[in-house]
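As a starting point, one isolated chain is supplied in structure tokens, in the form predicted on its own.
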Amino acid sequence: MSQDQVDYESLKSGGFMRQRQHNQFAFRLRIVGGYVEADQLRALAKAAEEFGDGHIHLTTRQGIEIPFIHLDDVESVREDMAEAGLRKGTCGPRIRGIIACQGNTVCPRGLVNPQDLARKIDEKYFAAGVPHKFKISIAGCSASCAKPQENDFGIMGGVEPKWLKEECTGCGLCQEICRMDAIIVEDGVVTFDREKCDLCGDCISSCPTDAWVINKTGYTLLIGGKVGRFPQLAVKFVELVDESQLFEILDKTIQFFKENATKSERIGDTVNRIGLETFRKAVL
């Protein structure tokens, strides 16, 4: 195939990104939440040795790329990865791979299951066309290890605590534990400031008498984060929605982006230009 016949845009949408070396590409794979099976890792190593230069690249978004794929080997490496259950990734103005921590299946602090949610979001939205790149990250709690604040659409698991007076001994441990100063214990009486609470659940897990219990579990959503030349943190726009509400809001967010973004504008820039309250009214 001559260079004039190469459809670079098609290759890019299929996960093959041009390198500075002539006719060389890095093949980006569709990795969801950083989860890869052991036999898939062996297939990756084999492909990197056979078609690349013997190494793989772990991206900043839990992804995997095989660099130094020659143009003539594009179809072969794609077929080999498909046999291993690894699908092609994407780049360009599309919904990208989903970042997710391990959440409550592994982490002691996890409040929800980001891996399960990431798979559902990936199946519904991955590689869908949007005005600009659109990145999603899911954290299992407010510790935010998956950095949802740096993504176009951030998701954090959370729990709203409830205090049971009849179970409380007034020990004050919850006040010591709370990083947000949302709990004050004076003379055995507990005062809880819901506005300060970041929904981490530490008061619940640390209480020796179960005087703090879960009142509600859900997802806090953030919009407009990005890095790059003009970085900004995402802002919280709703707390503790359930899974069905989350998908409804995400649908409306993507539609809002398509209808309102200008050329080469990330959704954070769109929200900045139009206004956060306008965005909230459109999606909530």
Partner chain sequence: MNKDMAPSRSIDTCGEVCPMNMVRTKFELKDMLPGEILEVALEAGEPVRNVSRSVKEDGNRIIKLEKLGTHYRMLIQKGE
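Numbering follows the first chain given and starts at 1. All figures in this text were calculated on a predicted structure; none of them were measured in a lab.
There is another form of the same protein, the form predicted in complex with the partner chain; it is not shown, and what comes next is about it.
Of the candidates 177, 145, 190, 84, 177 is the one whose heavy atoms come within 4.5 Å of the partner chain in the model of the complex; the others do not. Just one of 74, 207, 199, 127 comes within 4.5 Å of the partner chain in the model of the complex, counting any heavy atom, and that one is 207. The closest heavy atom approach of residue 131 to the partner chain in the model of the complex falls outside 4.5 Å. A residue is said to contact a partner when one of its heavy atoms sits within 4.5 Å of a partner heavy atom; residue 109 meets this definition for the partner chain in the model of the complex. When the partner chain is considered in the model of the complex, residue 93 lies well away from it, no heavy atom lying within 4.5 Å. Proximity of residue 171 to the partner chain in the model of the complex falls within the 4.5 Å heavy atom cutoff. Remark: of stretches 158-166, 116-124, 98-106, 177-185, the one touching the partner chain in the model of the complex is 177-185 (heavy atom within 4.5 Å).
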